[in-house]
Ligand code: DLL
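Next up: just one chain, as structure tokens, the form predicted alone.
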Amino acid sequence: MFWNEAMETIPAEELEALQFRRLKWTLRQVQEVGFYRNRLQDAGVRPDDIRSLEDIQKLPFTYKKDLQAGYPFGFLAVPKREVVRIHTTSGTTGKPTVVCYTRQDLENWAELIARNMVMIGLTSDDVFQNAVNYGLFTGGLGFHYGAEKIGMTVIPSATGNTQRQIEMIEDFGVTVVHCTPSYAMHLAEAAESMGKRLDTLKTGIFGAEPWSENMRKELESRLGVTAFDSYGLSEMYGPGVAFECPEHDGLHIWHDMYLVEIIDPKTGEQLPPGERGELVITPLVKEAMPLVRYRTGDITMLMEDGCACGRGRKIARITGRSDDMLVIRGINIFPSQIEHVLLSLPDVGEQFMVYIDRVKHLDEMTIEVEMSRANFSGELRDLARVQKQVVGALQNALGLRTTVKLVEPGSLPRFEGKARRVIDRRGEIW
């Protein structure tokens, strides 16, 4: 099944010509952004110097830190009156990354989600429960509008209240659920404890955090669904960038809207199909916030073989990160964010350790923080007040509730060279 068969199966020569036209349009669009005018000038590159897709290697990379430095509207390429929606994603030092959308951007985004859903056999006969965060997080509304575009019945259940989520699946005859894989495991466990079979479910769409093939088997067995992997980034609209087809062998990335490169994360050199490296994406149709050679930090490869479904070249499932970003319950977190918060609190010191565990299929983060020496005299005084202050400050900054343990000054390990701040005890999740 196809939503847009012409684009999903476009021949290679036609695709290359379309990508080049759209790349040239994107380079004109980014001239409206001061950052890119300066960056291209510093690199000695003019838009007219790009005469083929291969010439994209002449262009400089864009990094997440660049977007954060441009907060809030430094990367906006259209007048603010043309912006019809704003989403944000977490920032490494307290400031989020802002993502703006024109009306056409939202239409493009819904188009991508519609392609993905029809590709896995979903139709207007399906009932879709969207059990992810709404609001500033892109996952909720992205899938919501794509599902409505193909005529599905949409239940915007959002997250939490697991018992009610299970009741809605039963009461409304839900056939498709979208959530993080860890929350799906929690749903399965809760349904079993309630004696619920969830017989109407047939499809599970899981993303926003890494998950293994073993977890796929577990989810399919316990929920009775066929599980599909979803990949996206807020900087590229949100979810919908790449998606599994029924072959379950890699992710289809929509090449008419994204120009994809795989690079060596250390040298920045392009790698050929079949070699793993960092995924770099240039969106080709973004109006409000066009980007050039955005370094995602995600490790994958371009797959060499075609697909039996007839669509274009795939990327392999994501196998890791080239940076220190953590993904906890679908939320991106950097250790530098935690450090930034702690340094703003006078009652605690700058030394901390982060522990990630999987408890009842959900990721839990525990942070050990040293008290400041000025506020410690041999015992932890006023512990409850300080602990509450730290928990609240971290929740405000990260959008995630954490467990905080206060410890004595000097009790946490010190490191020569780069500090190892995070101990991930979840086991194999990639």
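This is a predicted model, so every value here is computed, not measured. Numbers follow the displayed sequence, beginning with 1.
Another form, the form predicted in complex with the named molecule, is not on view; read the next lines as being about it.
Remark: none of the three candidate residues (116, 258 and 306) comes within 4.5 Å of the named molecule in the model of the complex, counting heavy atoms only. Only one of 203-211, 165-173, 183-191, 116-124 places residue heavy atoms within 4.5 angstroms of the named molecule in the model of the complex, namely 203-211. None of the heavy atoms of residue 219 is located within 4.5 Å of the named molecule in the model of the complex.
Among residues of the shown chain, residue 318 is one whose heavy atoms approach the named molecule to within 4.5 Å in the model of the complex. Using a 4.5 angstroms limit between non-hydrogen atoms, residue 178 touches the named molecule in the model of the complex. Residue contact check for residue 332: one or more of its heavy atoms lie within 4.5 Å of the named molecule in the model of the complex.
Distance criterion of 4.5 Å from any heavy atom to the named molecule in the model of the complex singles out 230 from the list 157, 230, 108, 337.
Checked against the named molecule in the model of the complex, the candidates 325, 78, 86, 198 yield a single residue with a heavy atom inside 4.5 Å, and that residue is 325. Contacts between stretch 126-140 and the named molecule, counted in the model of the complex as any heavy atom lying within 4.5 Å, involve 137, 138, 139, listed in sequence order.
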